[in-house]
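Just one chain follows, in the form predicted alone, and it is written as structure tokens.
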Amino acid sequence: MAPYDKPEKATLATRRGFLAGAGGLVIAVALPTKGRAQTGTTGAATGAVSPNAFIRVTPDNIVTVLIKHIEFGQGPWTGLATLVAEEMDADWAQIRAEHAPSNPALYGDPNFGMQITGGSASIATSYDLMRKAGATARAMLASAAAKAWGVPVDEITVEKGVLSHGSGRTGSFGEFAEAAAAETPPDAPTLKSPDRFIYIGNEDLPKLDTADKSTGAADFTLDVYRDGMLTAVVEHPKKFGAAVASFDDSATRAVPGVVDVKQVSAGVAVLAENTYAALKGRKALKVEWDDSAAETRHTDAILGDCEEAAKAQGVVAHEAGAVADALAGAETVLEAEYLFPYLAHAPMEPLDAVIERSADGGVEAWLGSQGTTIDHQVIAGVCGVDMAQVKLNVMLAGGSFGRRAQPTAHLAQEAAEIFMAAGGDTPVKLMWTREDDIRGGYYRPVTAHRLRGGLDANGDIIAWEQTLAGQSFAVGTPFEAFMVRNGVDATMLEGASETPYALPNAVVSAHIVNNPVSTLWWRSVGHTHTGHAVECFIDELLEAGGKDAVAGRLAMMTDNYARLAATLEKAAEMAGWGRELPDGRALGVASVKSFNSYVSQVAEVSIDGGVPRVHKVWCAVDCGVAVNPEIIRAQMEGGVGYALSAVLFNEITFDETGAVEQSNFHDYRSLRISEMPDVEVAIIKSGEAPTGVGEPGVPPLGPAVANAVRRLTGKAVRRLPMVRDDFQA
């Protein structure tokens, strides 16, 4: 076995029997992205089963739910399957989940008009759809049982996957799968009232993907091996915007196991019989780069552009009252600047993809595809085939945080280009190393915020001026048309153009600053910096006005933010806000609405050797109906850890030549387990429609910690990360 290669195991094709059918007929309940439930049925006892469905019941009594959103740890397999199980009255033990195939007409997200996972929207956009799918399947099974037993359908009851009648007859879902497939689906299936929920809101429901991930049985892209497959790695430019001028591959081709070297749009690809040979061959490769269009500046120069731009008003996104007059008449005026660095997503699994030619002349691909429709389109275009000739298998992924949702589908394009450059017949696995990932761009953009606030004689905030400047990851992509309007990128300003607070005189504006460094949405997108800047400056203004940080916020929150106010009250209550603290400790607070969810956090902080130490975080969240409380808690806890890594330690920097200085977790480090604070989460009970939880736990953490640090040190944190050479306790 060659070094770095995986031990032999059953191939993906032999392990995945679902799409080939499990014998017998199945119920295939399919819902479009809009409109009423529709149902298609499939036959062929041993033939292939059409994947265009959300639910399948097979004669072995297994209910499999096809999930249209990628599972990379945030919980849609369990969450969406919960909705189906609830309305079917299935037994949780019989529920399984699989990724839906790429099919935007059937599995498209109504928010985006394509099949994609993002915006913490998996549950929010599928809550009614999946419940209707479950209710439809239940009705068809009940109808089939009623006909078989010669009884009225309204006398059929269903409990834990068992159909029953008062006469004593019982049957499983599997027993009636074939007959149910012939039933006409109801136009408007009856949904349960919340007081009858068994699974929705259940505190003890185990996640569907945990066991296989814990034992190693789960398949990721790295686990996909095809006959005759080559492994490819790419030498990318060390400076963003650079291009290949020439290369010498003679030493590379001399490495045993190296099969070919090809130039592609992203750089130079080395194809080999195994990973070790590919990496060794890439190390021997000599590439001359054309840096004429490259970013060659130091980090401070790049950030300096943003700072300079923010000194003047940009394109106005929100304006109320007369800010200039209010500032001129203010008793006290405060000014602040907050600087945010480039951040890598750094998921545990770097990017990878597999692509091969299928028997019908099309192509089949495997990857952790977050922007499924875009990846599908790009693969088809590069390979010169119709989308219908591309089978895209969405794989489990080891994290993303936005990294796998690529408006340009650059990973899919890179894999397809290498596949075609190698002849278009040999299967290819493209692999990125950790170093490729950290240095590979698509970072959270650098951003500068400049703020001025005015207080009257009573310490009330009467003026608010905020200007921010940074890159837009929408510009130059297919997303620009609907994300950038009149020069305003909505994702840059979300959380700033509208705040929870009554600010009678306010103006918020932004500048888009361009450079060649590739950027992308990062967990919580614009809220990752707007939430920080707004909540830190509000805190400073409240302190300057002699107001309590919690009471002051509550007094300013508008009626539209009553749910956010409730989370703030709860978090403060849990933390014992106002209590006497041990010497050397302080509490900081922040409240942020993002992705239609409301989160407040209080952090207890000390300073240890010049480094902030977060001991505990109290978090209150209102995300509407809590479908899976344990997943919500896990996402809040994970958001705290992810955000704390970023605000304390993380930044991508460039040296004097424009090359990235970080490469792996030793210099782009994550929070150590000993540094993870205790996190207590309270979920506000709500009957509102469910909203996102994958991202909203991130934005409040940074400002809560920064506000506590300011109370401890008397010095506001103006530039992240907090642990820098110039950090002074």
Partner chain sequence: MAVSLKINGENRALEVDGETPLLWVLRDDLRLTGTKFGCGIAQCGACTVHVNGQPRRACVTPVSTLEGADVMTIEGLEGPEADAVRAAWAEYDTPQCGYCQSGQIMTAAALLQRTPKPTDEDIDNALAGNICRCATYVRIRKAVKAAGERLEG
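Numbering follows the first chain given and starts at 1. This is a predicted model, so every value here is computed, not measured.
Not on display, but discussed next: the form predicted together with its partner chain.
Using a 4.5 Å cutoff between non-hydrogen atoms, G552 does not count as a contact of its partner chain in the predicted bound form. Mapping the unseen interface onto this chain, A336 falls outside it, with no heavy atom inside 4.5 Å of its partner chain in the predicted bound form. In the predicted bound form, at least one heavy atom of M348 sits within 4.5 Å of its partner chain. Contact check for F401: a non-hydrogen atom falls within 4.5 Å of its partner chain in the predicted bound form. This chain is displayed alone, yet in the predicted bound form one of K239, R297, R452, K207 has a heavy atom within 4.5 Å of its partner chain; that residue is K207.
For the options E98, D460, D291, D219, the one in contact with its partner chain in the predicted bound form, meaning a heavy atom within 4.5 Å, is D219.
Checking 695-703, 666-674, 54-62, 682-690 against its partner chain in the predicted bound form, the stretch whose residues place heavy atoms within 4.5 Å of it is 666-674. Remark: all three candidate residues (Q74, Y276 and A634) come within 4.5 Å of its partner chain in the predicted bound form, counting heavy atoms only. For the stretch 407-442, the set of residues having any non-hydrogen atom within 4.5 angstroms of its partner chain in the predicted bound form comprises M431, W432, T433, R434, E435, in sequence order.
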